[in-house]
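A lone chain, given as C-alpha cells: the form predicted on its own.
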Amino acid sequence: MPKGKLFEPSTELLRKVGWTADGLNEKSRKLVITNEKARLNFIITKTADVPTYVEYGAADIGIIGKDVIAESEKNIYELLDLGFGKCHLMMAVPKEKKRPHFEDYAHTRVATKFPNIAEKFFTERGMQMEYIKLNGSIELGPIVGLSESIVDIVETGTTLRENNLEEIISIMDSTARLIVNRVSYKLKYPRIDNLVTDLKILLKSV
C-alpha cells in the first residue's frame, strides 16, 4: 500500500471487496499489517518503492500511480486502471522566461522526479536535455537558477501558479493502477483474478 494521497482511496476500495485488516492505517507504526483469517498481509511503504516490492515478489500485488510505474520501469503486470488519483505529468517554466516555441528549450536543464519519463519524452522529439534529479520542491529548480524548466506531476495547478510557473506541454496522464508480480499472477491466478473481477464490478457501479 502506498503512503500519501493514494492510501485512503486504495484501502477503501479494497475494503469494499473484502480485502482489509484491523489497524490498517497509514499512520500505523506497523509496516506489515496482517489479517490471518483472510490470509492477507498489507505492506505500507513509500510510493516510489511499491513497484520494487511487487517486482521482486515481496508483495504479490500493489496499487500505484501510472507515473510511478512508467518511471520505475519495473518488470510487473499492470492489471487494472482504478480511476482515482487523477493527475498529469507536464513541463513548466517561469512565466517571464517562456520561449516562443517548445523546441527552443532544447539543450537546457530540467529539474524532475521523473528523469526516465522526461528523457524518453524529449528524446522522442529529438531534444537533448540535461536532467537534474530532485526528490522534493521541484518548483524551486528554476526559481533559484538550478534549471530552466521542471517536469512534474500536477493535479490542480495551484502550486505552479503560486510560484509563477506556467505549463507549456503535457507529457502523460496518470491514475492509480493495480499491479501484480508476474510469478504471483501465474501461481495465485484464481485469487488475483477474483479480486480483479470484484474490483471491475465495483468500479462500474460507482
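For every residue, the number given is its place in the sequence shown, counted from 1. From a predicted model like this one, the values you see are computed outputs, not experimental measurements.
The protein also exists as the form predicted together with a small molecule; that form is not presented, and the subsequent description refers to it.
- Although the partner is absent from this view, residue 171 stays clear of the small molecule in the predicted complex, with no non-hydrogen atom inside 4.5 angstroms.
- Contact annotation for residue 153: at least one heavy atom lies within 4.5 Å of the small molecule in the predicted complex.
- At the 4.5 Å threshold, heavy atoms of residue 136 reach the small molecule in the predicted complex.
- For residue 159, a non-hydrogen atom is located within 4.5 Å of the small molecule in the predicted complex, even though that partner is not displayed.
- The stretch from 54-62, 137-145, 33-41, 176-184 that comes within 4.5 Å of the small molecule in the predicted complex, counting heavy atoms only, is 137-145.
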